[in-house]
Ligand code: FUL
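This document starts with one chain, in the form predicted alone, laid out as structure tokens.
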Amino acid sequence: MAFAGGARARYCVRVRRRDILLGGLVAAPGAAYGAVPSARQLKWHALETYAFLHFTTNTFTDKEWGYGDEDPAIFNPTQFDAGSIIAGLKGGGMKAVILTCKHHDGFCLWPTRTTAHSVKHSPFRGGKGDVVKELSEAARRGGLKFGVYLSPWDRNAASYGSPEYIVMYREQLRELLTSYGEIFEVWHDGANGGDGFYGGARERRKIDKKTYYDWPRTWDLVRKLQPDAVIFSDAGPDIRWVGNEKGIAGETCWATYDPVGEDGGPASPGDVRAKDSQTGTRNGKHWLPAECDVSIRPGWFWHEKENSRVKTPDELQDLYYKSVGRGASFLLNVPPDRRGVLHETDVASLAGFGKRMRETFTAGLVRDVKLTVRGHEASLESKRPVTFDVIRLREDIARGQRIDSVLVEQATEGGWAEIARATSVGNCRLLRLPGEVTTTRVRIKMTAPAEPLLREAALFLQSARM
């Protein structure tokens, strides 16, 4: 059967409610299957694409990791413009932003009461500045959610390694969670201990990363002060690291995950068997979806020598398909420069990426297709041929991750021909076809231990081929 034309269609479906057999028990298809996301996790899943801002004294010293002995006087972004930064991120379709309020060097971007190593003792705004305040307010004006990164490791603090530091750390966290409005994500990484300034000691300090921070009590504090915020670390408790800094989830990427430490024991931030993080755990006990972090530049902080090495819109689009398109989130770092704004090259790349996303997933949406679902099979039919090269599937993850795999076929004169297949679906599965397909019928066969619950199935014509 030869087809021509390119009518565009949209279709969305909720599986009909009827009884199904689960492990010998009769259960409604709307009942939960396995681990399910919390309300805060569901809100996070809806964001999909958001930004990281790495900004501190490193921006001015041309370092990636500050030693902790940097003079606060070097922090002086004389053209700092939070509104401009947010506008640049919005151009790339970012839905939220996370700021490195304190990196490993210990320099705080807000006038904290806990240390003199902060903007309060810098020339920024005459010592009256507050980067966290300006960015959080600009984000909300721009419709973006705001999150905070607070490094557990502090190479400046004289008390690091002692119980007194944990008191200080939690007080810093309290300041951030009570002074800057609603926080959508609290971010902790796994850099723990090593050499540093430590108040002039200039020595190497080692801590037991499994016990030193007493994470359960710290996370209890987050729950108390910002109950709707998700908490990120290597091992959760809400969001997991994907196991690399390339922005790429596993081809199979389950939202359920049972993390273990490098020694096979209990996991903790900084102590997770990273090879498991890309794929997660099928039928795991915990809903711990992956976050894919990557920088738009080779480094996490701005370096002038990297101005010519900014990722292109094509590269960002590819990362989107390999993160969001595999059920994870896409956390893209875009570091402000020494002026205190996003570099022009970064802004241009973001704008190009945003344009591609709009052209594909808004203008490229195919219309006028009827969807019929019967058990483990879905059929898409159009009265006239439609052309597409991207397929998007979404499960109703509020009831668990059910689908093990999908096979997508198109109708041909001789019957059915395979055009795509994939394993995990979850919040979002994007299937890029090697070329355009034009047909009047598409069939999706799903394998799952319980009746699949598709929240969405949609066809698109990718912008690069429009």
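These numbers were taken from a predicted model, which means no experiment stands behind them. Heads up: residue numbers just count along the shown sequence, starting at 1.
Beyond what is shown, the protein has a form predicted in complex with this ligand; the following relates to that form.
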item	value
Candidate stretches 157 to 165, 353 to 361, 108 to 116, 293 to 301, one within 4.5 Å of this ligand in the model of the complex by heavy atom	293 to 301
Output flag, 52, 65 and 149 jointly within 4.5 Å of this ligand in the model of the complex, heavy atom basis	yes
One residue of 120, 311, 104, 343 in contact with this ligand, assessed in the model of the complex (non-hydrogen atom, 4.5 angstroms)	104
Proximity to this ligand in the model of the complex, single hit among 190, 261, 181, 375 (heavy atom within 4.5 Å)	190
4.5 angstroms heavy atom contact with this ligand in the model of the complex for residue 137	no
Contact of residue 171 with this ligand in the model of the complex (heavy atom, 4.5 Å)	no
Interface membership of residue 71, this ligand in the model of the complex, 4.5 Å heavy atom rule	no
Contact flag, residue 245 vs this ligand in the model of the complex, heavy atom cut 4.5 Å	yes
